[in-house]
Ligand SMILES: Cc1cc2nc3c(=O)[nH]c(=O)nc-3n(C[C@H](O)[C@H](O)[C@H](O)COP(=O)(O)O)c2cc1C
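One chain comes next, on its own, written as structure tokens: the form predicted on its own.
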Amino acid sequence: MKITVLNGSPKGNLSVTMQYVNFIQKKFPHHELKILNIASQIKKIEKDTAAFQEIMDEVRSSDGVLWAFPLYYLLVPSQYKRFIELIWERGTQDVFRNKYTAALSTSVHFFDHTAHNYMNAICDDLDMKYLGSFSAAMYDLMHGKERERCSLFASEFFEGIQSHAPTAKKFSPILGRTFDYIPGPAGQRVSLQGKRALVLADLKEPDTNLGKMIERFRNSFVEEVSVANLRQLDIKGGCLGCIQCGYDYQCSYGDQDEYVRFYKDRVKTADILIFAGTIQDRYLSSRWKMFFDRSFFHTHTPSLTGKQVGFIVSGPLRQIPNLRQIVEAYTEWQQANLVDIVTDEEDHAKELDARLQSLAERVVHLAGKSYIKTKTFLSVGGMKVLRDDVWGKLRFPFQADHRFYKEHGLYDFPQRKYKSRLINSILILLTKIPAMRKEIYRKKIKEQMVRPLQKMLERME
């Protein structure tokens, strides 16, 4: 069989992801895996319609398609995202229809599920026959059991194609909706009270729902709120995955474009950040993805700590819970406070006016209180993944992360809590005695769990 591998790594063949593809090829030499470097050639693919058509011809002539990519900022790289957009923009969805497909990624398992949910949904939207996914840690291939797992994944993929295995869609199609937002007059204007606010937008035309929502939001303030349009920002390209920034947060692009200077001077100095964009396929635009990917020059270190963040989104966010989770995870992991996500899914313009007015009032109010929501699994679990990897294999390439984690107490491994370890050891020994175990579990444990909290409350009296 011929399998077209759409390579989503900006590093082309010299990528961790492609080593897994090479492994599959060696294990199954009777199948042809035709690798097409998508992400590393995206500028050519955009400009040269013949190059794009060659890719479509390869897909059309293949028995199956393998989407292979590294994980960049909770999703696929921006270059890969742009290729997916081109499929729809150039009306070539039929090339993919009824093709058997699967996805393979490499990462440190930091929100790999959101990237795979995205790719699964894209395949469903293209009416492909999705046979599953394989999410590998970067160096899983070094371990025998993981090689066996990878071989089995590939074998099941090939067998599924050969046997014409039935498949089912996991994600419902996006339902379109027409709503022309006509904003009403602003209510009582809010003062920024000395706080700095910035609206970041990917705005094609001002006379769109997104443009009108941005303007209605800005009109809620006494002071002028600046808007930075990502389309007007000089960004030469997406993240290259070179990890040069790992040593000291210095991006390899340097002064070749405006991105790093803009991020440091405008984004990081703002107290209030509003991200505004229109949904394209199952995410925001590839331009937005490029913005997020390029912010990786801060590597695995939060760079928006303490900021109040809002999202203004045009499009069917309620139908894409995966995107909502990405937004929530991004903000929470950045140690910022997600105040609200306002979309144009309201039934009436007055309701949308009220939501935008409320967002304006709340970002200022909460900025004054320096309020940050409590953490959830999104950031607690995510940070533990990064903590362990930066402490371990990633310490050398990401020395800047290691220094930051060490200085800010992020290496909070439980084995270092010696008092807890001593108490646990004593109690575990006591529970070896049946009578003591009965006394502790049936009579004492509930009382002792709440006792520290009760003592704190007693001190407040």
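Computed from a prediction, not measured in an experiment: that's the story for all the values here. Numbering starts at 1 and runs along the sequence shown.
One more form of this protein, predicted in complex with the named molecule, exists but is not displayed; see below.
Enquirer: Quick one: from 107, 322, 334, 133, grab the residue that has a heavy atom within 4.5 Å of the named molecule in the predicted bound form.
Expert: The residue in contact is 107.
Enquirer: Of 102, 74, 390, 363, which residue is found within 4.5 angstroms of the named molecule in the predicted bound form when only non-hydrogen atoms are counted?
Expert: Spelling it out, the residue with a heavy atom inside the cut-off is 74.
Enquirer: Taking 4.5 angstroms as the cut-off for heavy atoms, does residue 330 touch the named molecule in the predicted bound form?
Expert: Judged by the heavy-atom cut-off of 4.5 Å, residue 330 is well away from the named molecule in the predicted bound form.
Enquirer: Verify the contact flag for residue 160: yes if a non-hydrogen atom of it lies within 4.5 Å of a non-hydrogen atom of the named molecule in the predicted bound form, no if not.
Expert: No - in the predicted bound form, heavy atoms of residue 160 and the named molecule never come within 4.5 Å of each other.
Enquirer: Since only the chain is shown here, I'm wondering whether residue 64 would be in contact with the named molecule in the predicted bound form (any heavy atom pair within 4.5 Å).
Expert: Taking the distances in the predicted bound form, the answer for residue 64 is no, it never comes within 4.5 Å of the named molecule.
Enquirer: In the predicted bound form, does residue 16 have a heavy atom within 4.5 Å of the named molecule?
Expert: Yes, residue 16 is a contact residue.
Enquirer: Pick the stretch from 205-213, 289-297, 370-378, 84-92 whose residues have a heavy atom within 4.5 Å of the named molecule in the predicted bound form.
Expert: Of the options given, it is 289-297.
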